[in-house]
Structure formats: C-alpha cells, structure tokens
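Here you get one chain, nothing else, as structure tokens; it is the form predicted on its own.
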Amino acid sequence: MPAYNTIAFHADRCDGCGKCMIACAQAKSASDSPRRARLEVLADDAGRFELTMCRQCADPECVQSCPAAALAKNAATGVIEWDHDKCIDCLLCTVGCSFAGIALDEAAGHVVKCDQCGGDPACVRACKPGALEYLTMARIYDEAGSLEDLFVQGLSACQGCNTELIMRHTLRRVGPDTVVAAPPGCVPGMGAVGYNGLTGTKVPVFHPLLTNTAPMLAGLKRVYKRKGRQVTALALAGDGGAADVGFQSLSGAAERGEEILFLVIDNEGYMNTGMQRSSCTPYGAWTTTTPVGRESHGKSQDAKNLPLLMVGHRCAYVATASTAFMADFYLKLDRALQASKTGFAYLHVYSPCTTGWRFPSKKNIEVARKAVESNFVLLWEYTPAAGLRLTRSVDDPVPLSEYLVALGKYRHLTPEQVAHLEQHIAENVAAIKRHALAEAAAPPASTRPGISSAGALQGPPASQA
C-alpha cells in the first residue's frame, strides 16, 4: 500500500489566530468567514488547541457510509474525493466520520471536506507559527521503501543508534553499484566492514586509515573507470576522521575534484573509542578528554565548521542534513549522488549519539529536531553555480535551552557558557546569511576567471527545491 502526503498539526505552535480557517474559506468558498472553512481550530478549557479536519483515512468510514458512492479515495493522492453529481445530500457521511472531517456547509447547500488544495494547502501557507505543516515524506517510502537494505541485519550498534539509521538509508538510496570506504569509527566499529572473513555490507567495502580515506577511495574510483565500470565511490566517515587527522587528504581530494561522495556522520566526537573530543565537538560539551570538575568545565573551544570549509574548496556539491528532516536529507543525497558523477560531493549529516551525549535512545529524533529548530544545527546547500542557500529558515528559532536540557553532556553549563553558545549560534547564522547574500550577488560561476561550472549539479535549481 502506498504512502501519502498529509497535513500535520503541531498543537504546541498554534496561537489560535484562525488565519488558517480564513485562508481555507477564501480558497474554497470565496468567503472571509471562518464558518465556510473546511477545518476548524478549537480551544479546550486549558487553552490548548485542537484541529478538526479530514484525515484522509486509509479505511474511511465516510466512504462506507455513503449510499450513493459520492465519496471515494484517490489511489494516487490518498485524498478522499467528493463527487457533487452523485451526492444525494443525505448527510450519512457526517455521521460515519469520527473526526468531524466532513460537514454540511449551509451556505453551499452540501457537504464539504478538505482536498489538500491539490498539494499546496492554503491553510499551511497562511500559518505563520508553523502549527500546520504539509508533510511530503511519503515520497521516501514510495520511492525507496522497496529498495534493498545493503547492510546486513545484526550490526552491533548501540541501541537507537542514529549512525546506523544514516548508513542504511544512504546505501539503500545510493544502490548496489557502490564501493564503500569506512575509516576507524562507529561505522566499522558496529561491524559494517565485517570480521572473521565476513562483511556487514552487501557491496565492496574497505577499512582505510583515519588519514587516507579520500585518496584510497579516489584511487579505487579511477581503477573502476579504467575498467569501464561506473560505480559510486562512497565514504562513510566520522567527524574525527574527516575534520581532524583525515582533513589533509579530504582537502586534497576536494581540491582535485575527485569523483567521490564523501558523507560525514558528525556525532561530535570520537564516540567509538570512548567519547573523546574532536574539533567538531561544541563548546562546553562534556567528553572523557574534556571532563567537568573544579578546573575543567567541558570543551573550551568552539566547534570547527567543517561544511563551510568545504564550501571554500568550491566542491561540486556541499550540504548539511539531519535525520529529523528526512525529506530534506533524501533530496540532498540525490543531488550529492548526481554531483559525484562529475566532481567532489560532500554531505555533512548531524548525528546525535545516545551514549556519548547522554540521553535516552527513544529521544534520538527529538534531539536531532531540537538541534535544528534552535539553530544549533543549520541546514543549507551549496553548488558553484547556484551558490549557498538555506534549506530551512533560521528565523524564529526555539530557545536553545529546549535543546541543551535534553543532553547530559550539557547539564553542567553555567549561564555564562550558555550565553557563549547563544552568541556563537548567532554568529554562525549571520555568517551563513552573509555567505548566501554574497553568492547571490556574484556573477554566474561560468563567467568567473578560473571557475568552471562543468561540475555543477544538473537538475532543478535550489530555489525550486
């Protein structure tokens, strides 16, 4: 059974303004009256808001209750459609619906219900607080759900490991014509490169040193090309192996434009060997090498902005991503895969670590989401032709405290340290915005001296994503 796009309601963001109802009434009934809307926001005695609208049920009672077959679920879109010519106005559908998703519009003289505005809901566009969201992740399930998982079952990752989630999604999407490089870290540590003569992947995989992942992968890619075989050269590296001892060779491969898809799984430290700090560990964080006590209060330096350093190499594609926003991740993975066919593609995925960050495994995606919503993590993408652009707004972030309170590695922070992090985040946001504005004002890459757009990503521009 296929998955379908849907409208989600975030009650904690709703302020009860009613603009969604007015927008719906204007779009569907040419009226400014909220009574003509096909959704309704209600408040309970405690001031909490609820939403009533059609949920486009998988097994809709309204359809079963209709004696005239005027209601039917569209197999392509998932929307329950109403046929005016067949409707006999018996209103039995309103009795069958348990969610008040279909109701009589007295002014129109017949029942009305949400049809998602053909995939561009007016209510969602009108909701400035973001309480309504049109979720399109059904595409991931429909397009990738049937693809083979190219990692074997039984990898020895920690319970709820976000790195394993990234690995499985990535390789399933990239496909079997792939050779994988996994330097020392959590990826080989959980058995991905295998042991006792067996591997944890269903594609060729090798285990380079921390220092030489990129050049070894580049050499393999060239060998395959000489043999006439087109394969994806995929690196699954941690932040330590990329930002620290492996940075020299990573930088060299990017400068040469090697045809590699280099994916960094950033869990902000050397987690596989005992949770030591890396240069990507944020300021103030507890690790075993930045302990907390009378003399030490966590890491004393800010994190290295490795993705922005890769932009300085003018790679064919650079992007940041998070598993809390899978539609964004898959879109960027597709673009990175395409870019790696002609140049160096770099994808930096932020990956909360339940063990090293000290939070329950069931909170993994929630932690990842709060990191982005608080601007601790910024989501953006870059190509030489289109420049840099944010793929998620950095305006109106949630308080940083909502993110920090979830993580044991930050429980010791003083107000002064929190203020330092807030200032650092503000500087990062300003720097990314300046970079995006500068790129937008620059001439096209193909007209700049010494710059070629041959490695630029083909396909729709970022502004149409």
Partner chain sequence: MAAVAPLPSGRVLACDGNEAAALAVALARVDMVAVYPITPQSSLVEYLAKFIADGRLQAELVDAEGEHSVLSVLQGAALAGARTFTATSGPGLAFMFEPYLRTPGMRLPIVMSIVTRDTLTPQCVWGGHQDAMSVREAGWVQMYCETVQEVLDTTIIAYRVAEQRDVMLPVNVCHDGNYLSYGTARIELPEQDAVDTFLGAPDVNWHAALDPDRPMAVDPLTGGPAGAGPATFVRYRRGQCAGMHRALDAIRDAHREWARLTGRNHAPLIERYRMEDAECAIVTLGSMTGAAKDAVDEARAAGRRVGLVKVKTFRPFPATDVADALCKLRSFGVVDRSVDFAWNCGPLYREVVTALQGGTRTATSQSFIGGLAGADLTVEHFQRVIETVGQMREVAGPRDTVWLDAQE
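This is a predicted model, so every value here is computed, not measured. Residue numbers count along the first chain shown, from 1.
Below, we refer to the form predicted in complex with its partner chain, which is not included among the displayed structures.
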Practice problem: Name the single residue among G145, P291, P176, G119 that comes within 4.5 Å of its partner chain in the predicted bound form, judging by heavy atoms. | Solution: P176
Quiz prompt | Residue (of L379, M275, L388, V205) lying close to its partner chain in the predicted bound form, criterion heavy atoms within 4.5 Å | solution = V205
Quiz item: Non-hydrogen atoms within 4.5 angstroms of its partner chain in the predicted bound form: do G194, V223 and Q248 all have one?
Solution: yes
Quiz item: in the predicted bound form, which of the stretches 146-154, 304-312, 211-219, 332-340 has residues with heavy atoms within 4.5 Å of its partner chain?
Solution: 211-219
Exercise. Would you please decide whether A76 lies within 4.5 angstroms of its partner chain in the predicted bound form, comparing each non-hydrogen atom pair?
Key: no
Self-check item: its partner chain contact at R369 in the predicted bound form, heavy atom, 4.5 Å
Solution: no
Exercise. Answer for G252 alone: is it within 4.5 Å of its partner chain in the predicted bound form, judged on heavy atom distances?
Key: yes
Quiz item: Might E258 be said to contact its partner chain in the predicted bound form, defining contact as any heavy atom within 4.5 Å?
Solution: yes
